[in-house]
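Shown here is one chain on its own, the form predicted alone, set out as structure tokens.
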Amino acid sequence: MSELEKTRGAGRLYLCATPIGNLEDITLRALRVLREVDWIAAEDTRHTLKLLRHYDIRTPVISYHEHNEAQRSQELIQRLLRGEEGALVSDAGTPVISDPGYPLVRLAIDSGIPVLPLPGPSALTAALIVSGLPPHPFYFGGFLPRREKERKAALQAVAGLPATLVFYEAPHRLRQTLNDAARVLPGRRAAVARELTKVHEEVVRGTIEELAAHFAAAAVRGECVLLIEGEKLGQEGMTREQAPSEAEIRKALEAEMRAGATRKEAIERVASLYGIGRNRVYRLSLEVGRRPT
């Protein structure tokens, strides 16, 4: 079925962001929708019921989590196809982002059921804007692998990205993750945002080594967001690994000039080859044997 087609008579599925801590962060639209839908699919019904009771919302709540999402997705799709309207929420923040829900969303889209986002709280964006690191571009990697070998490999795979790296991490794994990051990404600026919007909210900033030392001696509670500086860009927009060295540029200039190019032609060709500025190439060309221009 085309994603442009809508199944006649089908209800709508709302993806509803809920507070990550402070209950006042929920939107007025989300409160209205949660009251009006036929059911709410929740990752942890006990957690969601606290929010609903706080706002006197009495909509039926259905359990939907990683252990039953395959079967429950099929059941909810059938209810939506019959015209019921439903809302999907996670324990906190925006559903589907490192939380259950993607199978339900994909099935709804494939079935021609309208899927509507209700934007709101997100630990990802909240941590990014207070981290003090460049907010764009950024790379979101969700939760890192639990095993050390796989975790280091995951960090190494994104080490060259010229973007702020953002990960979720459980409190009991934060210390080891910081130690691994210090080995794979030494010297980079970083931040840990913990318990965002709650009473004990904390954002710790420093180098990755400083954060590893800080949390080695500090109790860690609450879900954490780890942010790490991306690979720094050079003047021409290349990473340190991608940018040619001065020796490489001089060698390329010499090759062009040995092939008969004038100095001006060699500068143009080498600058174009590496995608770098002519001024830098010109300066290095002065160190290369003179040829007529």
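This is a predicted model, so every value here is computed, not measured. Throughout, we count residues from 1 along the sequence that is shown.
Here the subject shifts to the form predicted in complex with a small molecule, a form of this protein not shown in this document.
Undergrad: Quick check on residue 122: any heavy atom within 4.5 Å of the small molecule in the model of the complex?
TA: The answer is yes: residue 122 has a heavy atom within 4.5 Å of the small molecule.
Undergrad: Just checking whether residue 102 would be counted as a contact of the small molecule in the model of the complex - the rule being heavy atoms within 4.5 angstroms.
TA: Residue 102: no, not in contact with the small molecule in the model of the complex.
Undergrad: Closest heavy atom of residue 155 to the small molecule in the model of the complex, within 4.5 Å or not?
TA: Although the small molecule is absent here, residue 155 would stay clear of it in the model of the complex, with no heavy atoms inside 4.5 Å.
Undergrad: Can you tell me if residue 20 lies within 4.5 angstroms of the small molecule in the model of the complex, counting non-hydrogen atoms only?
TA: Flag for residue 20 set to yes.
Undergrad: Picking from 107-115, 168-176, 206-214, 80-88, which part of the chain touches the small molecule in the model of the complex when contact means heavy atoms within 4.5 Å?
TA: Among the listed stretches, the partner-contacting one is 168-176.
Undergrad: Taking a heavy atom within 4.5 Å as contact, would all three of 128, 131 and 231 count as contacting the small molecule in the model of the complex?
TA: Not a single residue of the candidate spot has a heavy atom within 4.5 Å of the small molecule in the model of the complex.
Undergrad: Which residue, 221, 146, 183, 198, has a heavy atom that falls within 4.5 Å of the small molecule in the model of the complex?
TA: If I apply the 4.5 Å criterion carefully, the residue I get is 198.
Undergrad: Which of these residues, 225, 37, 30, 253, gets a heavy atom within 4.5 Å of the small molecule in the model of the complex?
TA: Partner contact (heavy atom, 4.5 Å) among the options: 225.
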